[in-house]
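Quick setup: one chain, the form predicted on its own, written in structure tokens, and binding and motion questions come after.
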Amino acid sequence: MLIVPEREIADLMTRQAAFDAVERVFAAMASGDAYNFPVVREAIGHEDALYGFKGGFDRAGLTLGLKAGGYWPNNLEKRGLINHQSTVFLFDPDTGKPSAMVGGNLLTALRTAAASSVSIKHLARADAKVIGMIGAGHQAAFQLRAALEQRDFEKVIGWNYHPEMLPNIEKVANEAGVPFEAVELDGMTEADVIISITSAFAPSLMADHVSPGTHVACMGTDTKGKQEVEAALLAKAGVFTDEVAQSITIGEAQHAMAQGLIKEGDVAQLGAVINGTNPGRTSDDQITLFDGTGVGLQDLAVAASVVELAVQKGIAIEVDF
């Protein structure tokens, strides 16, 4: 079995490699060549932690495995560790033997950013110039770096419930040479692309904050009850997702479904757009929305890529297991 420790990931996995892996696996999901297993996610009754498993099998890439981990909200304050902790385990699909164990913290951040970036590539208007950020936490910086590579953005605007955190994304914009401006939520009407990356249980981005032709990537809702955007926005938009079953149960679509504003058939797989079986955006005035719930296959895809790179560079640790 090969081990790739967390400390090695930053020197192995690039944003482009993460993007390519996620794009491929979305396409495989839509074509029926890859599928996710049911998600297990539980409050463990200790340290206020949420712990769970996401897994799946990619028949096209012969990638089988799971990501184990979750959210420990006291880590940063108590221990100086990031709150999200995870590890990816890969198995040989021919024998079932474990083939690799990979640090999953940075990989999770990169694959989440890659997912919204893939949605921008395939759904945002080609002439998009202003990108809006809702949220300014740890993951927001990864989201913005990846997104800025997909269009020739000329301005970044941002809002966060805690405005003192906005320098986190202003720094990324400055590094990319793109002007940054803090705005109120109604200022998001200026944006051509909006990424929402919060852990909210009540919507902040409302339907009237979004202009015609905007692409919205909702990346924070992955649990029952979470909500970042007003349900009415989904009724106005072409809605796309990574996994339809998750979108309508634990993603943004759960709320629009509950209110009868959309039905399951209104939610399409982003992979179908990648494969060309769904047209995606149909006009410059259409609002498109990507409901990024996060699927196990994303984690497996980037982990498999990092193992391959680690072997090539002689970094992977081999153990007899």
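The shown structure was predicted, so the numbers you read here are calculated from the model rather than taken from an experiment. The numbering used is simple: start at 1 and walk along the sequence shown.
Missing here is the form predicted together with a small molecule; even so, the following discussion is about that form.
With a 4.5 Å cutoff on heavy atoms, Met101 does not count as touching the small molecule in the model of the complex; it lies far away.
Put simply, Gly132 is far from the small molecule in the model of the complex: not one heavy atom of it is within 4.5 Å.
By the criterion of a heavy atom within 4.5 Å, Met165 is counted among the residues contacting the small molecule in the model of the complex. The closest heavy atom approach of His138 to the small molecule in the model of the complex falls within 4.5 Å. Of the candidate stretches 119-127, 214-222, 93-101, 231-239, only 214-222 has residues whose heavy atoms lie within 4.5 Å of the small molecule in the model of the complex.
Site residues Gln150, His209 and Arg281 are none of them in contact with the small molecule in the model of the complex, judged by any heavy atom within 4.5 Å. Proximity to the small molecule in the model of the complex, defined as a heavy atom within 4.5 Å, holds among Met188, Ile248, Ile197, Ala173 only for Ile197.
The single contact residue among Thr288, Gln254, Thr63, Thr293, judged by any heavy atom lying within 4.5 Å of the small molecule in the model of the complex, is Thr293.
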